[in-house]
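Just the one chain here, the form predicted on its own, laid out as structure tokens.
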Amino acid sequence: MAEELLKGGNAVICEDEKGRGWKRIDSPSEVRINHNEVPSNISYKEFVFSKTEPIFYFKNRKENYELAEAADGNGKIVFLGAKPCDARSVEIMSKVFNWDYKDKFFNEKAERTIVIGVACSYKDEFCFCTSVNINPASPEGSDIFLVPLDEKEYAVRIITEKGKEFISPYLKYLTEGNAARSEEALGKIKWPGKKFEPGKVREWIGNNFEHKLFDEIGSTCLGCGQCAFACPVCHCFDIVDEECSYECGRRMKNWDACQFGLFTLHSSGHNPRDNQNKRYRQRIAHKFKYYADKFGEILCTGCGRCSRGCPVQIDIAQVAAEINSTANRV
């Protein structure tokens, strides 16, 4: 079946063999479905929300500019083996990319996306999906969902109409399943314990904008942006014009992060978030309050990537748990 998926112009994306990130594969031998090991260092969001991409190209004429649109892609983008904490990412980000302006660059790729998710059998001290309304057996965000029965056999569940349409040509490769067996397999998965109540965190942030907790954590943060770039749902970007010569150039959309000092620097020189304390407060508030207020979604999937990779060991779940504990004492 993997060989058939690679045909017809599909871009099949799997975790790489070293667990660093996700890559487009060229042969069935590269297929890797990681349901029982630590998540990759970074998510697959770059295949839907590109690290950098052209918005348009321009040529400078004597009296005006000539613009050329960036080329659109085609063919399906198939994410194979997405844990629930990754599978939810496109749905969550789509809220902001379709708010006051519909971002055609995101939407064009999201429309071509097929998410083949997998139930997750892994948990460590950094996992907290159950604290943000996700769980290791959740098919939400997946078009097709795999349940590991053993190391080589999976039960296949069709979740969406999009998934049903996509998988119909491949049904000949599947055999009739056993619902009881797959339910038994799901029942054996050990869920991460709940570390905080997101509703309490959201309420506390709204009432404690100047709390000393943000100063304490912000004084530790380096502002390196690792957390934002590893996160499945962080979506900040900037737009810059790049000239290749006097006569031509391009307008580019690039990843950015609210943890960078330049992110909110005004042309006047004023910066409303002029230290790391304020910038880390923004990170926490955006994820657990502002996005939830605006879109009814928590801007976090509990994957733990930001905490595993933080060079100064800031654990976002511990921060949220401390906020929760503080709220309970009030």
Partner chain sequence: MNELRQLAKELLGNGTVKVIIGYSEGTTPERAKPFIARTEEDAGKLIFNKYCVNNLAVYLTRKEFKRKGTIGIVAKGCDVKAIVQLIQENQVIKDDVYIIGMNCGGVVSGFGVDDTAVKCNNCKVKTPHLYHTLLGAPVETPAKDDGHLKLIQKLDAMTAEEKWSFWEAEFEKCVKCYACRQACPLCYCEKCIADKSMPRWIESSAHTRGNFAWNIIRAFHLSGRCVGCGECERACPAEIPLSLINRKMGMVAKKEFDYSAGMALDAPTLVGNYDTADREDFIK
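Numbering follows the first chain given and starts at 1. All values derive from a computational prediction rather than experimental measurement.
Although it is not shown, the form predicted in complex with its partner chain is what the next lines describe.
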Among the candidate residues F214, F196, F229, F79, which is the single one with a non-hydrogen atom no more than 4.5 Å from its partner chain in the predicted complex? F229
Tell me, please, which stretch of 84-92, 183-191, 150-158, 234-242 lies within 4.5 angstroms of its partner chain in the predicted complex when heavy atoms are compared? 234-242
What I'd like checked is whether E125, T220 and R250 together line its partner chain in the predicted complex, meaning each has a non-hydrogen atom within 4.5 Å of it. yes
Do C310 and its partner chain come within 4.5 Å of each other in the predicted complex, heavy atoms counted? yes
Applying a 4.5 Å heavy atom distance criterion, does G225 contact its partner chain in the predicted complex? yes
Does the 4.5 Å heavy atom contact test between I42 and its partner chain in the predicted complex come out positive? yes
N207, heavy atom within 4.5 angstroms of its partner chain in the predicted complex: no
In the predicted complex, residues of 251-268 near its partner chain [heavy atom within 4.5 Å]: M252, N254, W255, F260, L262
